[in-house]
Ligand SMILES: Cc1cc2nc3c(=O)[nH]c(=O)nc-3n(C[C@H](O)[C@H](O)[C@H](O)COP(=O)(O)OP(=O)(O)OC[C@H]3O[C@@H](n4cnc5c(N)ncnc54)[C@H](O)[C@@H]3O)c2cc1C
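Only one chain is given next, in structure tokens, and it is the form predicted on its own.
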């Protein structure tokens, strides 16, 4: 653990063949495979893959995995494994290690040269413009190209990947993995135009006129801010500004970090995966100490009765970043940023939660006399996202509507489709991939 705190290499080690085969032999090949139906948004053929791995037929395992999953090298690294949560073994013991098996399958496939470009047999004569090269955009591109569409993907950043490249740290997903897949997609005939922002450098309505269909896959670009007194002070940053800067520096896009935690007392506000990524990145940058706080109550250590099997369990999750050295606190509401021009601390207050009969938090109330100050000189806001701005040039130029939660509404009659987080709200990469495959073209 001490060694991994000093670099950004992937933390998780690929399991060996013996261990993976022992795990897949535990699969009971249930008559109703909840891992496949209730768990995986992609509908991966988990029991069949497990059987092939258990038999040592890794080529067959890869073929089965590829039926529904275009990018298993991504999901096998960063998916929380909804399939494992719905494994029947969850009822009385540990689940089969599906995600680790998937990683073994896809990396074995790459090593043996089984992952090759598969362009369509013939083009259908139609073209589609995809706006955004994140998970949903890449999934849509692969799916539509396979159906014979001429696909051009427009990405405002220098490189493709979206959240995969600029949000998720290298220690969870090395960006060489994205570059490896890009070469395959390009060999299949997909064209990437990067460093171009649709709505600024090229008009969205022009893309609509020049193509037979347009797919919007811009994610949830508006992060949730914390506009309490003092929010204008220096040293307060959105999580993706911090994470994206580090990834760009490692990738050679910039020389110096726009936000650096070295020698600083870091406070991460937000207890989700993005907050955890901020913790691990701050530790690697040399933070003096790191505290992560969350307004929600501490989840139970085991599955809550509010989320019975096979649902995704509400329970405490501890990441590798947390294990590297981080104080975690719950039930804290932030009231005010303190200090002069730069932040020096955050005034917080304990809150109490009323719970549902099943144990899920419903609403909170402040606890009198519990105010305190947490000293810090770098605050990272990791509180999620609020959807797409109504002022978005893409939405305005294409004449698209928004849901009450600022998700883009597709217009099938005009072949204008929104996929991924920009349609449904911030969610998992695996759900974005599934959304990208669902376009009815």
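In this text the structure is predicted, and so the values were computed from the model without any measurement. Numbering follows the first chain given and starts at 1.
If you look for the form predicted together with this ligand, you will not find it shown, but the lines that follow are about it.
With the partner omitted here, the stretch from 155-163, 286-294, 183-191, 333-341 that lies within 4.5 Å of this ligand by heavy atoms in the predicted complex is 155-163.
For the options 268, 83, 282, 217, the residue carrying a heavy atom within 4.5 angstroms of this ligand in the predicted complex is 217. Contact with this ligand in the predicted complex, defined as a heavy atom within 4.5 Å, is made by all three of 136, 167 and 428.
For residue 78, a non-hydrogen atom is located within 4.5 Å of this ligand in the predicted complex, even though that partner is not displayed. Under a 4.5 angstroms non-hydrogen atom cutoff, this ligand in the predicted complex lacks residue 378 among its neighbouring residues. Contact annotation for residue 385: at least one heavy atom lies within 4.5 Å of this ligand in the predicted complex. Contact between residue 316 and this ligand in the predicted complex is not found at the 4.5 Å heavy atom cutoff.
Although this ligand is not shown here, in the predicted complex the stretch 190-218 places heavy atoms of 196, 197, 198, 217, 218 within 4.5 Å of it, in sequence order.
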